[in-house]
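The data below hold one chain only, encoded as structure tokens and taken in the form predicted alone.
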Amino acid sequence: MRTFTFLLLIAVVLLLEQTVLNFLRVAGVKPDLVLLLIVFNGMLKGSREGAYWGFVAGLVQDLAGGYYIGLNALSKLLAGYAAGLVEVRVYKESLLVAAAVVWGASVVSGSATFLLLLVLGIAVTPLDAFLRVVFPLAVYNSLLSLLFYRPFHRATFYGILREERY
């Protein structure tokens, strides 16, 4: 049941990202809600689960976008894995810890995306990429995590995303 619910949540967030969030751009970037889901899940469930859902959500995002299939899958996989590395090392109930982890995972994901674009032969100036996209997006995502982390945490342990134990 958790798998179906999480897939549905990814689909809803992706739909929001492709429609409504285009009007909520700040400094030229829109938030990456799919990344927020992946990072939150990785923080709470570990690196294996973070990497798995990062790949799945990134692949769904790639298929919805229709270009460079695998680009988001790989970058979200890395971000989910990196977020999962802190699972047993941090106080997971803290909003500030969540915001810091989201910021770091956003930088990891953005860096991976631009490195993969360079490998594909797409010329991207690294300084320009970091100053205009990666860092503003990391700040935007980390600020949004302050709003969405607590509800996700509650849903994971007490609500619809809780794992059923028999």
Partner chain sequence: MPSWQYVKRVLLVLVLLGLALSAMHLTGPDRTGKPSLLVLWARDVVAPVQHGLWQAARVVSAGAAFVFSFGRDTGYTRSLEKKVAELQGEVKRLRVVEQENSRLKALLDYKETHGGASLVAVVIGRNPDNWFGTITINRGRADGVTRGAVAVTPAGLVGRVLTVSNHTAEVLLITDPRSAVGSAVYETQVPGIVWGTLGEVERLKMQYVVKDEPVRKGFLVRTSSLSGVFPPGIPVGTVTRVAEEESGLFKTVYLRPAVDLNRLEEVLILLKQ
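Not measured: the values here are computed from a predicted model. Positions refer to the first chain, counted from 1.
The form predicted together with the partner chain is left out here; the points below concern that form.
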task: Although the partner chain is absent from this view, report whether residue 74 comes within 4.5 Å of it in the predicted bound form, heavy atoms only.
output: yes
query: So, in the predicted bound form, is residue 30 in contact with the partner chain at a 4.5 angstroms heavy atom limit?
result: yes
message: Please determine whether residue 14 contacts the partner chain in the predicted bound form, using a 4.5 Å cut-off between heavy atoms.
response: yes
query: Given that the partner is absent here, does residue 100 sit within 4.5 Å of the partner chain in the predicted bound form, heavy atoms only?
result: no
task: Give a yes or no on whether each residue among 110, 119 and 129 has a heavy atom within 4.5 Å of the partner chain in the predicted bound form.
output: yes
statement: Those residues of 49-78 with a non-hydrogen atom no more than 4.5 Å from the partner chain in the predicted bound form are 61, 63, 64, 65, 66, 67, 68, 69, 70, 71, 74
